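A single chain comes next, written as structure tokens; it is the form predicted alone.
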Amino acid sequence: MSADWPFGNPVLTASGCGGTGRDLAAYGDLSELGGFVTRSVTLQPRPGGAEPRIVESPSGLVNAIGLQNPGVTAFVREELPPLVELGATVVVSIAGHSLGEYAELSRTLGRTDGVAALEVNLSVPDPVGSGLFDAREPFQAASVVGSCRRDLRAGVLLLVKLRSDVVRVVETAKAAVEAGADAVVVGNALPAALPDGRPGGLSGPAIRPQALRCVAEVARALPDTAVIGCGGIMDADDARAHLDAGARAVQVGTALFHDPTSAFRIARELAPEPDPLPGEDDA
């Protein structure tokens, strides 16, 4: 890999699930998480989808947020500095309409102080409807990763987030790594629909078994590549299942909507027991 692993523990937030970070900081110290992944940032501001944007589904949530964000310029000016001040290890998720947009986002954010890693979002449930580059083919994913890697500053980790497509996830992960990805994030909301028929994404425990299978298959096929598992992780046992399947880290998403302390709690429960002080074993 071309960059050092910047995450002090294996628990990160999932993109879009921790708000701007300032809200989540009311429930725990962001520096105690392995990393904070921002909502996906685009070149220009996006207002997001129409209400309602989130509805409950059996064992999960369906969302149609529409990648609401202020655009990269406002993000760097207004949202990144507070995250750095809060001590977060910042991973900026990026999404673009074209290869050129991905390259510009990577070039801008990769050279901005306080950014530890970029996460290339190639797993939006409805890329065409969202106006994003549709990277459903492995060669298309590789093209995006290559465009981001080209001008990325040394030392910034490049993650690529792939949908948990059991049939093609290994092929796509291999293509992304060969194009320059340092690590692969496996799992995101699956294509679904809101009750009114609008396209959305299903997340939560309902998708955990599929995400877990994809994590295991990618880890088995790419033993030298760091895999980050994402999808329905609600507690420490869920996180351990992904780690046991070969993931090096996990992302917590939907759980934060139910309990904003969940990522902090999981990180604490996964932390190794401290070594005993000299003489304690003899007590």
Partner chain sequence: MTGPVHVTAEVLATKTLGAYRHLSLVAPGVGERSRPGSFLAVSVDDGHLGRRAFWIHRVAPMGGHRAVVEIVVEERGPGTRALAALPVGARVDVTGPLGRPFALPRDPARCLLVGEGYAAAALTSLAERLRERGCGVRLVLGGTDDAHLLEPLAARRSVGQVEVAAGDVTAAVLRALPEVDVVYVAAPTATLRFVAGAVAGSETSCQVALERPLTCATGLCQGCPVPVLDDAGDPHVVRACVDGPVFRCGLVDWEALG
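Model, not experiment: these values are computed from the prediction. Numbering follows the first chain given and starts at 1.
Another form exists, predicted together with the partner chain; not displayed. Remarks below refer to it.
The partner chain is not shown here, but in the predicted bound form it comes within 4.5 Å of a heavy atom of S57. At the 4.5 Å threshold, heavy atoms of L24 reach the partner chain in the predicted bound form. Remark: P199 does not count among the residues lining the partner chain in the predicted bound form, judged by a heavy atom distance of 4.5 Å or less. The partner chain is not drawn, but in the predicted bound form it has a heavy atom within 4.5 Å of P47. Residue-level contacts in the predicted bound form: of A236, L222, I65, L43, one residue has a heavy atom within 4.5 Å of the partner chain, and it is I65. Within 4.5 angstroms of the partner chain in the predicted bound form, the stretch 73 to 99 places no non-hydrogen atom at all.
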